[in-house]
Structure formats: structure tokens, C-alpha cells
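Form predicted on its own, single chain, as C-alpha cells, below.
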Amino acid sequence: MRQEEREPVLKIENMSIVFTQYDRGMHQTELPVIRNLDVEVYAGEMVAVVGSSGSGKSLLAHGVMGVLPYNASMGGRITYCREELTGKRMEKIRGKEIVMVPQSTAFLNPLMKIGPQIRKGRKDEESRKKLRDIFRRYELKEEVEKLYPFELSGGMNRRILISTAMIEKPKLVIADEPTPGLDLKVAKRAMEHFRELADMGAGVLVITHDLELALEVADRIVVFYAGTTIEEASVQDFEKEETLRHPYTKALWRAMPKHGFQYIPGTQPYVKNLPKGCPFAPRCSQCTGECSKEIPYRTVREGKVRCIYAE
């Protein structure tokens, strides 16, 4: 069944996240860290949101999970399994139907042994058997159950975090930067674990800066730039530059090691200095005055793009 004929597990439409801060005493300023964010995730597929540091992509995970800081406000619409994902509904299913694998292993409780921590305190035989099966899948020895997080390596603790997602049979898994600090072999294995979760039927959303790793395991790539989704493309579209749509996505393709580490001048704009219209306009060789207007997110060649010149 094609995607347009079924409902996504997660659908985010026009998400915006604004931080309110005090500047110069009691003067308030608003920082629009995310604007115009659109993402869909279907059951059994893995979607990677790719963007450089500072693009705001990790806030996507916090926004969906309902764990934004007190000074943040969120707009737009989030739908989970056809129904709006309200804060009240999220409280009931967080950690059960929807599971987040956080960026830092510091989220593990340092005072609690691994086994009870993954089982969430449950002591029944079914939970214990499930944990043993998960450990075999992730090549963790049974004795790890009785250890504390500080007694394990960083790579093992990453696998423990993924195990906390597996214990509940979630419908949606959100992984926030799961590979920083890991060597290449361990990082690839971590991404393969998320692929396995998708193959078992869950919708998986991985937020990462590593395009190369994402292309090895994901089904679709959503490219994020300065708080905005600028392109959605299949992994196959990244086989050639010509099949991509947005100038920034093409620049990412050229910057990959196998394509020569080609560099484009300029930097991603800070949230206080965002240009009107396309956020990539100051660095784009195709930029014209029309790029300072509102840019629609439209379908082009079975993908989506926020560029008026894409065809």
C-alpha cells in the first residue's frame, strides 16, 4: 500500500517553537527556533531528520514528547495514529506507545541497576524473558542486568538506551542524535538497531547530523536548515545530485567524503538573524528577490521541497 493510501503513525504539520527570553532587564524577546517544520512517519519505516548543529532539530523530539522548557511555546499540529497528540494524551502513552531514545546516556539512572531500569521495575517472568531476548539481540551478556551504568562502556550504554525502547513494543520510536562520540563500527550498529525496530513494525524517527549513516539504513531523509524543513527525499534520490531538489541538499551531497568534501561559503544563520523567506538564500547561487517571500513546501518529483526554483 502506498503512503498516500494509509495514515502515518506520526504527522507534524507546520510546527513552530518559540523561546521567550529577557533581554536588557525586563525587555522580552522571542526567538523562533523552529518554523515551518513538516514530517510524516509511517509504520514499518525509518525516517531520518538530518541537519547541522544548531539547526534546532533536537527540539523536534522534545516538542513531540511534550518535554520542552518552560519558556518555550509550540504551534502547529501533531497527529498520532489519526488523532491529535495533545499533552494529556501524551502523558498516557509516553514511554509505552511512544518512546524516546535520548541523545545522552546521562538519562540512565546512575543509582539503579540495568535490569530493573529497563524492565521499569517489573519482576514478572514475562518481563525477565523479554529482557533476556533483547540482550541476545543486542549482544549484551546476562550479567549486565546486575551492573550499574557507570560500569559499562559508552557503546554498551547506548545499547541499553535502545533496549528501553524495545521492552514496550512501541508504535513510534524517536531517537535524538544516537551516535555522537561512538566509533564508526559502533555507530553503524546503533543505527542498524533502529532499522530493526522499523522492520518489526514501529515507525522510527531518527534525528542526526550524520547523513552518511542515515543513508545506509533509513527509507526517507528530511533535511533541516535553520529551523525549517527544506526537503524530503527518498534514500534513492541521494544516489545522484541531479535527483535532489534543494540547493542546500545538493550542497550536503557534494560535501560528503565520497563526493570530494566540496565546501560552500557562509554559515547557517543564527535565529536572531534569519532572513525573510528562504533561510538558505544568503548562501544560494540561485537566489533572487523572489526568495525573500514566503516559500511554499510543495511536491516535486515524488519528494517535497521548499524552493521556488526546484523542478
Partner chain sequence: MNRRWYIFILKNLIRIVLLTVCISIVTFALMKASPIDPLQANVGQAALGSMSQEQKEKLEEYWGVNTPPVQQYLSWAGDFVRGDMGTSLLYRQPVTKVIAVKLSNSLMLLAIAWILSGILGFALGVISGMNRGRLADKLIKGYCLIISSTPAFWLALLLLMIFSVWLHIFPIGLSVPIGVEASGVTLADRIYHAVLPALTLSITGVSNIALHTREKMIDIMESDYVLFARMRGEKGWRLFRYYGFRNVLLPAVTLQFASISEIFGGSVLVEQVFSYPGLGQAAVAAGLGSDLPLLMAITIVSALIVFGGNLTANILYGLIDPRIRRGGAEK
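Numbering follows the first chain given and starts at 1. Keep in mind that this is a model prediction, so the values were computed, not measured.
What comes next is about the form predicted together with its partner chain, which does not appear here.
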*Spell out, yes or no, whether the shortest heavy atom distance between Thr208 and its partner chain in the model of the complex is within 4.5 Å.*
no
_in the model of the complex, Thr164 touching its partner chain (heavy atom, 4.5 Å)_ = yes
*Is there a heavy atom of Pro102 no more than 4.5 Å from a heavy atom of its partner chain in the model of the complex?*
yes
*Would Glu139 sit within 4.5 Å of its partner chain in the model of the complex, counting heavy atoms only?*
no
*Could you tell me which one of Asp133, Glu151, Glu126, Asp183 places a heavy atom within 4.5 Å of its partner chain in the model of the complex?*
Glu151
*Quick one: from Arg94, Arg189, Arg195, Lys169, grab the residue that has a heavy atom within 4.5 Å of its partner chain in the model of the complex.*
Arg94
*Look at the stretches 75 to 83, 116 to 124, 198 to 206, 232 to 240 and give the one with heavy atoms within 4.5 Å of its partner chain in the model of the complex.*
116 to 124
*Residues of stretch 297 to 311 in contact with its partner chain in the model of the complex (4.5 Å, non-hydrogen atom)*: none
